[in-house]
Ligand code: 173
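In the block that follows, a single chain appears as structure tokens, in the form predicted alone.
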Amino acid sequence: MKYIAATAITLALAVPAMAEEVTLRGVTAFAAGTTFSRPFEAFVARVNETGAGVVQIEFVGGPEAVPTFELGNAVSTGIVDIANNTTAFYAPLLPMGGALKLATTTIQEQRANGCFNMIDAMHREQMNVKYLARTGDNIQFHIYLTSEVKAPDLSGLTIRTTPVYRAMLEALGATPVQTAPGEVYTALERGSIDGYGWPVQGVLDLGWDEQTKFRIDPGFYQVDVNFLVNLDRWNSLSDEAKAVLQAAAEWTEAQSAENIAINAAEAVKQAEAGIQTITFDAAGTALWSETAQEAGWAEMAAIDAAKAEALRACLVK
């Protein structure tokens, strides 16, 4: 009996203890099921499928769980473990995050050229979060209006904004007003705004097409919707759990290649919903695009000129 007991103890010590499955609380800055929440929800499903026994994500919800502009603080302080958020919604915490929208390289190119690591370091140092993934490649922003303009001059118009296009709108003469997405429909309905900035995808999801008459082409900038993990929580995870999250993140990023076809289909749906396209002549189009880029980079340079130069070198082809 003593031999059996000793053998059992020896075997128990020889076999590594099974790591307990970890569950992370996840929140999205966007309404669940809408365009910019769906990639995160697919990521959650992928993690829960591939990470069984290692790591799982409990999808808590969207703005009803944590208000849109409070989610950055929530993941930074650990109230939320992982968040689906855009730099526009956490700009006060990471002012240089506004450079991400100016990218003309893909997330895969940014991982390869070292830009991803630079952006991750910014998030770690200033927000206490791990920058895990970026979705939104190949999706541009547009300005949507309730009345027509003939030239790239938005003087006299009040446009709903986020930090994404504030500098551009001001350069074009508009009065920008920041609101959460959930307030846009009512603002349009009441006539308190004359339009809004939003990507080509998602307008119909939110019902804004009912109050929208025009979309200005071409688009500008590139959407960044990012997966952020509280850094203390990230550091506490096993290497195996981190690998599951990393693999699912890169799998999700790869799906962004589909956005080109989705954008075209969305433009058709907008036209069918009655949204007309505004295009300018060659000079006007060039002014529109150049103003967007130069106003964006000037804003970043005013915050930190050296960092803006370093980011521009790896974000822009």
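The numbering used is simple: start at 1 and walk along the sequence shown. This is a predicted model, so every value here is computed, not measured.
What comes next is about the form predicted together with benzoyl-formic acid (173), which does not appear here.
- The partner is absent here; in the model of the complex, the one residue of Phe214, Tyr131, Trp234, Phe141 having a heavy atom within 4.5 Å of benzoyl-formic acid (173) is Phe141.
- For the residues Pro152, Pro176, Pro199, Pro95, the 4.5 Å heavy atom test against benzoyl-formic acid (173) in the model of the complex is passed only by Pro199.
- At a distance threshold of 4.5 angstroms between non-hydrogen atoms, Thr86 is in contact with benzoyl-formic acid (173) in the model of the complex.
- By the criterion of a heavy atom within 4.5 Å, Phe227 is excluded from the residues contacting benzoyl-formic acid (173) in the model of the complex.
- Not displayed here, benzoyl-formic acid (173) is approached by Phe30 to within 4.5 Å at the level of heavy atoms in the model of the complex.
- With a 4.5 Å cutoff on heavy atoms, Phe59 does not count as touching benzoyl-formic acid (173) in the model of the complex; it lies far away.
- Shown alone, this chain has one stretch from 110-118, 155-163, 74-82, 243-251 that lies within 4.5 Å of benzoyl-formic acid (173) in the model of the complex by heavy atoms: 155-163.
- For a residue to qualify, one of its non-hydrogen atoms must sit within 4.5 Å of benzoyl-formic acid (173) in the model of the complex; none of Leu172, Tyr221 and Gly296 qualifies.
- If you take 103-138 and check each residue for a heavy atom within 4.5 Å of benzoyl-formic acid (173) in the model of the complex, you get nothing at all.
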